[in-house]
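Heads up, the chain below is alone and in the form predicted alone; it's given as C-alpha cells.
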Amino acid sequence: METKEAIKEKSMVIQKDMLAKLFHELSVTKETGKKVVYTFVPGNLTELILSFDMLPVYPEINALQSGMRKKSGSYIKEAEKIGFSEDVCTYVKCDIGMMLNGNIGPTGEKLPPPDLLLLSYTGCFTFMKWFENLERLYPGVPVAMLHTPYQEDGHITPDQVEYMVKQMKEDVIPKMEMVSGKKFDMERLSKMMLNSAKAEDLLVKILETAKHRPSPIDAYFAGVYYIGPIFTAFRGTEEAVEYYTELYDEVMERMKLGLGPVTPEGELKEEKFRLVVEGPPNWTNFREFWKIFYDAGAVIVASSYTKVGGVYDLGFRHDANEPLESLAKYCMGCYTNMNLPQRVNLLADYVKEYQADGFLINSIKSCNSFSAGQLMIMREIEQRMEVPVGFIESDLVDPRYFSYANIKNRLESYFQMLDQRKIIMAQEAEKII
C-alpha cells in the first residue's frame, strides 16, 4: 500500500521537539547524574517525579512507539522465546524484548536503566506482574508501590484519598528522596499543579470542539497525539501549557473556518459519519487503520482511550491547594479505574453530547483492562442510545493480530449500515414534514 508523507501541524512539530529533548536527556543521564523513574501512564505521578528533578520513562509508551516503528513484532518474539505466553499483554512482551535488545528508545538513543520502579497500580492487574519482571531484570533497584483503590461503588471516598496520601507520605516520597538525594518540596509541587490545571482546561476545550459540525478534530487517531504530553512526561510543566495553547489556537481556527480534521493525507473534505469509539487503537498499522476511517468520511468525535490518563471532562483538575490529595483523586479517576456502569454512562453521554451516528469497539486481544466487559458495554449502548454498534478486533503492538482485510471488510459493512440508517431516517423525516 502506497503511503504519502504525513501532514504535520505546528503543534505536532512542537510535540516532536519536546519528546526528542526528553529522550536525549534520558540518554545522557550518566553524564548529568539525573535519576530515572520507570512508571506507567494511567494514574502516573508525573508532577511528583518532576518535582524531584527526576526523569520518567513509560514502558507502554516505548512499546507503542516500537509498534509504530515496526519493531514490536521481533521484540515480542524475543520475549516469547524466554517463556512469555502468547496471551500475555503485548505491551509487556514488547517492552521486555526491547530491553533484551539494548533498550533503544524511539529516537535511536539508548534508554537508561531505572533508579526507581514506581508502580502506580490503576485498574490494570498486568502492571503488577510487569513490574515483578522489571524487578528481576533490574535487581537491587528500589520499588515504590502506590495502590489505587478501584471505584467499585462508582465514587471516590475521603477514606480512599486518605489511604493513598498515606502511601505517598510513608513509602513513595521517602523512596524518591532517597533515590534523588533531594528533600520533598511541597511548594514546588503546588506550583506545578497550576500548570497541570491550565493544560487540562485546554485539553478539555480541544476535545469538546468535536461537538461542532463538522468536527475540526478526530478525537481518537489525532487524539492520541493530543493526549501525549499531558498523559506522560510533561504534565505540570510550562512546556505542556505552551503546547496546548498552540494546539487550542489551531483547532479553534479550523472550527471557525468550518474545516474538518487533518489526516495524514491532508484535510478531511466531508464528514459523513460521527462515531464514539471504545478501546485502544492498533499501533503496528496505525496509519492504515486510520485511513479506513477517513476514506469513508468517518470521524471519531469521542473515545474512551483519550481518557486513559484522566477523564478531565468530568471536572477533575489538579489542585495547587491540595497537591497530594489531588494526585490521589487523579489516580482513582482514570478510565481504567472506573467500574463498568460508570464506563457505560460515560460512553452513552458521549453518544448523546457529540451527536454520534454510531458506537464502535476495537477489542484488544491482550488488554484485559479494556476488553473485560466490552460486549456488555456494546449491548447497553445499543439498547440505551438506539444507535448502530460495531465490533472489531486487533491488538496493541503484535502485528500477527492485525488483519487489514478482515477489519476493512467489517468496517465497510458497518459504514454501509450507518449510511442506510441515515437514508431511512431522512425518508421518515420527510414523511413527518
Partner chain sequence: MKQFSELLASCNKTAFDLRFTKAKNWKLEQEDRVLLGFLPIYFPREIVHAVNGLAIGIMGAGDHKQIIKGDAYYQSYICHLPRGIIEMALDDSLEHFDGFVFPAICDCVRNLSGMFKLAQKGKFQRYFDYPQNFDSLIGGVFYRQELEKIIDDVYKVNGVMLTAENLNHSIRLYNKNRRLIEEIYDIRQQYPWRLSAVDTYLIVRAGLAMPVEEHNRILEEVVDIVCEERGEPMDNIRVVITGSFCEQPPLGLIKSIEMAGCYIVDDDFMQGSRWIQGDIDDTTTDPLAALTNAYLTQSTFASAVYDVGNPKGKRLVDLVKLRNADGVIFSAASFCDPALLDRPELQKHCDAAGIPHINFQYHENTGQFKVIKEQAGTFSDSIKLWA
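Since the model is a prediction, treat every value here as computed from it, not as a measurement. Residue numbers count along the first chain shown, from 1.
We do not show the form predicted together with its partner chain, though everything after this point is about it.
Heavy atoms within 4.5 Å of its partner chain in the model of the complex are found in one stretch of 340 to 348, 69 to 77, 101 to 109, 313 to 321, which is 340 to 348. For residue 393, a non-hydrogen atom is located within 4.5 Å of its partner chain in the model of the complex, even though that partner is not displayed. In the model of the complex, its partner chain stays beyond 4.5 Å of every heavy atom belonging to residue 358. Proximity of residue 256 to its partner chain in the model of the complex: non-hydrogen atoms within 4.5 Å are absent; the residue sits far from the partner. At the 4.5 Å threshold, heavy atoms of residue 133 reach its partner chain in the model of the complex. Against its partner chain in the model of the complex, the set 87, 163 and 170 is in full contact: each member has a heavy atom within 4.5 Å. Of the residues 116, 119, 247, 268, just one reaches its partner chain in the model of the complex with a heavy atom at 4.5 Å or closer; this is 119. The partner is not shown here, but in the model of the complex the stretch 106 to 128 reaches within 4.5 angstroms of its partner chain through a heavy atom at 119, 121, 123, 124, 125, 126, 128.
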